[in-house]
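The chain that follows stands alone, in the form predicted on its own, written as C-alpha cells.
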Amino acid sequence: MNERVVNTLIAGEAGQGLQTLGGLFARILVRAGYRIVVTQSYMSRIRGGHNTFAVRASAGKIHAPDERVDLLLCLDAPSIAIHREEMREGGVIVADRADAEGAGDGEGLFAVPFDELPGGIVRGTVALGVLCALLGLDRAEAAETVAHAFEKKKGAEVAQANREAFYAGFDRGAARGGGALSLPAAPGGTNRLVMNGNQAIALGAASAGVRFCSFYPMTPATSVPLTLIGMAERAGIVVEQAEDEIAAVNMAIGASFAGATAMTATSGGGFALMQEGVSLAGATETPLVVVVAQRPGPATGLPTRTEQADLDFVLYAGHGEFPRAIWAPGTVEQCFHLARRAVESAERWQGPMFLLTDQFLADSLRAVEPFDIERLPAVRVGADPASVETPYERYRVTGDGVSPRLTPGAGGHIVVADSDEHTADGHLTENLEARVLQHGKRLRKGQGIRAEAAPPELIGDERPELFIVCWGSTRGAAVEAAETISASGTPAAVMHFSQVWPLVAEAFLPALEAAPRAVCVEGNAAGQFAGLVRRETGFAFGERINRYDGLPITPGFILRGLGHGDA
C-alpha cells in the first residue's frame, strides 16, 4: 500500500475511559474522511488491568489491525514500558509528565503536564487534542466533534469545558511537533457511520423485521441486544433479559411460534445451555436466529479475547438431525447483510439459523456508508391464512419440505405443534411410517438451503500461485497479507468464506485445486474449517496457519507463517 497508515494505540487501565476516548478519536478520524480499523483488547475485570484501544487510520483502503505502533498514548506509567518495543521507527509516545519520569527522554517521548493545562480536569480530552495535533487534523472540526458528543450526553456547559480542554491539548501538541505523523487528505464522506460488527448485526436484524430478542448477558455477544434496546422504542422491538440462556432461547422460540420474528445472542458457554432449545426449534420447525460471538474456551476460557473455535460446536449443535445454515461475516458490512440473510432464511426454511462472529469483529469500529434501510423489504412471517389447504396441517408433507406455517389465531385455523414426533396435523405419534415421512420432509429443506448457499469471495490475482483460504473475521488480515505477497512478485489471492455451512464443493474446489499452494488460516488450534473442507470435498490443505492466543489474526502473523517476514 502506498497510502500512509498510522496506527495509534491508547493504553491504560480499565476505568480510565479508554473506550470513550478511543470512540471519540475514531469518530474524529471518520468525520475527517479516513478509513479506520479498531482493535480493542481488555481484561475481564471492571477496573484495573491493562487495556488497549487501537485505531489504525488511512486515507486509503485498510482491512486489518497492525502489530506495530506509530503513535502511543499512555494513560498510566506501566503502559510506556509495556508497549515501547512495539513502536515503529519515527513513532511518538505521549504520556503525562509524571508518568514519564524515569522512562528515559528522547525524540520519541512527548511528556505532557496534563493536569497543569487548562481543562486538565478532563485529561482524556486534553490528550485527545494532543493526538489530533500530531496527526495534523483540523483543530476546529475535531473540537466540534468532541463538543457535540458531550453536549448530547451532558449538556452545553460540559461540552464547552471539553472543547477548551481539547484546544489546550491540541495547541500543546502543535507547539511540540504538530503534524509529525500527518495523514494525507482523505476523500471519505462526512456522512459515514462509525459502527462495530455487533451493532451492524443488530441493525441488519432489525431491518429484516426482528421484533423480539431474548438474551442473557455474555461477552462478547451482549452488545447485539444492547444495540437493539437502543432502538427498541422507535423500531417496535421487544428485548428481554432472561434469567439464563435456557430461558432466553426458549423465549425466542415461543415468540417466533406466536408470530414475532425472533433471535437470541450469546457466546460459547451460553450456547452450550441452548442445545435443547436449538433441537426444539429444529423439531417444531420454528424460525430462529442465533448469534454466537466466539471467544476462547473451553469453559469460561478467556472471556474478553477472540477466537474462531466454535465452528464445529455450532455445526453439530443440538441432538438429532435437522438442516441449518451458518454464516460468518468478515466485515462490518457483511455483519449487517448476513444478519438480514439469517432472518430471511430462518423464516423461509422454518428452523434455526446461525451467525458466527467473534470478539475482534464484535468490537471493531469501522467507517461504513449508511445502509439504505428504507429500500430493504421486511421479512414476511408465515403463510397467508387464506392460501392454505384445508383442513389445515402445520406439518403437511411437501416436495421442498416447507409446510405452510400459520401463527396461532390466524384465519381461524387451529395450529397444532409438538416437539415429539408428530403427524402432518401436528399431533404426537409413535407411528414409525409417519416418523419417516416427517423426518424426510424436514431434511429435504436442507437441499433448498444448500442451493442458496453463498460461494466464497475470491479477492486478488485471478491466477494465484498462492491461495490464502479463510473464513469470518480473518478476511481483512488475509487480504492485506495477499496484497503484500503479490507486491513482492508472487501472485496471491484470498478465498474467503462468509457462509461456512453448507459447503458447495463445485463453487470453489476447481479454483482451489488449480492453485499450486493453498494455505488455510483460522483462529483456532485444530484447523476446524480445514477439516470441514476435507470432509466435504476430499481436499486436504498442505499448510495451515492457526492462532489461538486470544489475539486477532494480523497480516504480519500470516506473513510470518508463510515465511515472508513482516508486512
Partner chain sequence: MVTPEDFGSHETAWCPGCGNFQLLEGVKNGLAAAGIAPREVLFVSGIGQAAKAPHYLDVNVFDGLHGRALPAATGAKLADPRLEVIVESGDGCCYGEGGNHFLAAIRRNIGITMIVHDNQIYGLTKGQASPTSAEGLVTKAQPGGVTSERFDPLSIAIAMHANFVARSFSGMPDHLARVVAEAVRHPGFALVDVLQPCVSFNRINTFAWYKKRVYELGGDHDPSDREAAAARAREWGDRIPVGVFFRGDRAPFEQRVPVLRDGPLVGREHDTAALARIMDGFR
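No experiment lies behind these values; they were computed from the predicted model shown. Positions refer to the first chain, counted from 1.
What comes next is about the form predicted in complex with its partner chain, which is not displayed.
- By the criterion of a heavy atom within 4.5 Å, E144 is excluded from the residues contacting its partner chain in the model of the complex.
- Not displayed here, its partner chain is approached by R234 to within 4.5 Å at the level of heavy atoms in the model of the complex.
- For the chain shown alone, F313 is not a contact residue for its partner chain in the model of the complex, no non-hydrogen atom being within 4.5 angstroms.
- Using a 4.5 angstroms threshold between heavy atoms, T484 stays clear of its partner chain in the model of the complex.
- Residue heavy atoms within 4.5 Å of its partner chain in the model of the complex occur in exactly one stretch of 123-131, 192-200, 463-471, 397-405, and that stretch is 192-200.
- The partner is absent here; in the model of the complex, the one residue of L109, V238, L183, I459 having a heavy atom within 4.5 Å of its partner chain is V238.
- The partner is absent here; in the model of the complex, the one residue of S419, T300, Q447, Q160 having a heavy atom within 4.5 Å of its partner chain is S419.
- Residues E276, G277, L280, T284, T286 are the ones in 274-297 with at least one heavy atom within 4.5 Å of its partner chain in the model of the complex, listed in sequence order.
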